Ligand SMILES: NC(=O)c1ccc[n+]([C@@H]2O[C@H](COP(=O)([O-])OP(=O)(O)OC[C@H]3O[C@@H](n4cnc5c(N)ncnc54)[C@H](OP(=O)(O)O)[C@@H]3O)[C@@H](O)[C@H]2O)c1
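Next up: just one chain, as C-alpha cells, the form predicted alone.
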C-alpha cells in the first residue's frame, strides 16, 4: 500500500498550527497534529473533519513524548517527509513584568529558549532516522521578524533571542544535512491574527501559513538554509 507523504505539525491544536494541518490534509498529506494536551489535539483534529489528520501527544520539551512519537511514526508509517516546528511561546511581559532586557526575568528567557529553540532541536534529532527514509524532506521552522538581526529592536528578550537562535539552528542543520534530500528553512509568517498575534494583526490565518505550505510542498521550494517571508528570501 502506498502511504501519502507524512507531515508532523507541532503546536497543531490552534492558530497557525491548526491551519497548517488543515491545508496539508486537504492536499493529501497524512498529518500528525501535535498537541501538548491530547484531548485538545483530538478536538482540533475533529474540527478539520479529515481522515488524513491524526492527533498525537507532543510536549516539545518532553523527551519521553518525543521518543514515544518517533516510535509511533516508525511503527505506523516508517518515515517522515515534512516537519513543521510551529509550537512556540512568547511570555515576556506576562503578569505585568517588564519586557525590557535590562531587568529580564531569566527564568522566562530560559523557558522560552527551551520551547522555541531547544524543542525543535530535540524533535529534529529524534525524527532524523525517519526522515532519512524519505526522498524529499522539508523541515520548516516558524520564526519571526522579531528575531531578525537585520531589523532587531528592543523588549521581548526571551522571544527575540529564541527566534534568532532558531534561525541560527536552521542554518546549522542546512549546512550539516544532505541538501539533495533535506530542505531546511525558516520563515517569518508576519503579524497574524492568532492568540499570540491578537485580533488587530494584519494577516488572516490563511495568509499567515501561505509560506509554510509553499515550503512544505512546492517543487520550487527545494532549497535549504533560507529565511523567508511571503515566499521571498529576507535578510537574517
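As the structure is a computational prediction, the values presented were derived from the model and not from experiment. Numbering follows the first chain given and starts at 1.
The following text describes the form predicted together with this ligand, which does not appear among the structures shown.
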**Request:** Look up in the predicted bound form whether residue 28 has a non-hydrogen atom within 4.5 angstroms of this ligand, and give yes or no.
**Result:** no
**Prompt:** With the cut-off set at 4.5 Å between non-hydrogen atoms, does residue 67 touch this ligand in the predicted bound form?
**Reply:** no
**Non-hydrogen atom contact residue 89 with this ligand in the predicted bound form at 4.5 angstroms** = yes
**Message:** Would you classify residue 36 as touching this ligand in the predicted bound form, given a 4.5 Å non-hydrogen atom cut-off?
**Reply:** yes
**in the predicted bound form, segment of 135-143, 100-108, 148-156, 75-83 with a heavy atom within 4.5 Å of this ligand** = 135-143
**Complete:** Picking from 48, 177, 192, 169, the single residue whose non-hydrogen atoms come within 4.5 angstroms of this ligand in the predicted bound form is 192
**Message:** Suppose contact means any heavy atom within 4.5 Å; which members of 99-135 contact this ligand in the predicted bound form?
**Reply:** 115
